[in-house]
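The chain below stands alone, shown as structure tokens; this is the form predicted on its own.
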Amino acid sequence: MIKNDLLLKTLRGEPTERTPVWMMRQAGRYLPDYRTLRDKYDFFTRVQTPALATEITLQPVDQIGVDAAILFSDILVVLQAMGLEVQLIENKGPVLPDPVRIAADLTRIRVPDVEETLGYVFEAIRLTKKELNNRVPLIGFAGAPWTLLCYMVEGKGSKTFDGVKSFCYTQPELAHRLLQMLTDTTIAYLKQQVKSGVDAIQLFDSWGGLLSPDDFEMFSLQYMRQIIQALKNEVPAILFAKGAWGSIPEMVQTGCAGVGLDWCIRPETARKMAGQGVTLQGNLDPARLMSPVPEIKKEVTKMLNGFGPGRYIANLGHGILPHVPVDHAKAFVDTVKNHVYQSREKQVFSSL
């Protein structure tokens, strides 16, 4: 029995005594203890060593007081499992030396046996669950097929990913074959995460906002829908597609328990678009955590009042930035924990 199950209750639409809070990328680079490990071990050693991944996962729970842990890993481990080389260069980002560009490149990739290729992730989940000792839920995650395709084809990060767009428009059949392979792999990967002990999952579509609404459906949402449908009866699933908030109603219709939001939409607008039957998550601009602490408290309070109590999880609108002071991150979390909504009737939250 999880002692602090605020996040899970909120995802199920059950009453809670306050709003739950966690932060995307909370296990990582802004924490001094993480930087100590970073100086000793390269990135994928940290990811692929269950004891290290567990230690990093627990750091924000112990030091910041968040209401959920999220496994320390990376979305690109799926591409490694499928047969591609992935390099992670500190302060530069991911690089894939041999991207997929033509049909012949499919001979180099496969839908893998996830237990064989990603067993270190599942071992890290089991170890983390043991060390958490039911204090808070553990969130598992994966990258959405479209976002993974962006790296698979482009071979590196990009602001626009014009290369993968051109690939999709000129070789649509090949693009959809790859997206389905990514989808099948991701479903198997997340199902095994659930078997290993995660309590919820989040699907990250970091580059969904680069697509028009029609293309978002064509190249992203239809594949995320398959994943959500495969997982939704096992654990609550949160769908986060940065920049794609124009498609909130369509994301809700996937059957997900929660929809993550970036900072480019007002809370009231998001709720109107989402309706009352889904939990919203977000959406403070991560750069706001560089503000003085009094300003952080002011902005977080404004955000909380905008979303109101009930089906809402406080979070950032994207991952926490590397140079955020730890006390600023803690101010964000503590402000959420201490917030009292204006109406006394709303202090015990009910499903909206």
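Residues carry their position along the shown sequence, with the first being 1. Values in this document were obtained by computation on a predicted structure and should not be read as measured data.
The following text describes the form predicted together with a small molecule, which does not appear among the structures shown.
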* Candidate stretches 210 to 218, 92 to 100, 261 to 269, 191 to 199 - the one whose heavy atoms come within 4.5 Å of the small molecule in the predicted bound form -> 92 to 100
* May I ask you to check whether H328 falls inside a 4.5 Å heavy atom distance of the small molecule in the predicted bound form? => no
* **4.5 Å heavy atom contact, D74 and the small molecule in the predicted bound form** => yes
* Quick one: is I70 in contact with the small molecule in the predicted bound form, heavy atoms, 4.5 Å cut-off? -> yes
* Give a yes/no on whether R25 approaches the small molecule to within 4.5 Å in the predicted bound form, heavy atoms considered. => yes
* Asked: At 4.5 angstroms, heavy atoms only, are K3, K9 and K232 all close to the small molecule in the predicted bound form?
  -> no
* Go through T128, S206, T183, S247 and name the one with a heavy atom inside 4.5 Å of the small molecule in the predicted bound form. => S206
* Asked: Of Y223, F167, F141, F122, which residue is found within 4.5 angstroms of the small molecule in the predicted bound form when only non-hydrogen atoms are counted?
  -> F141
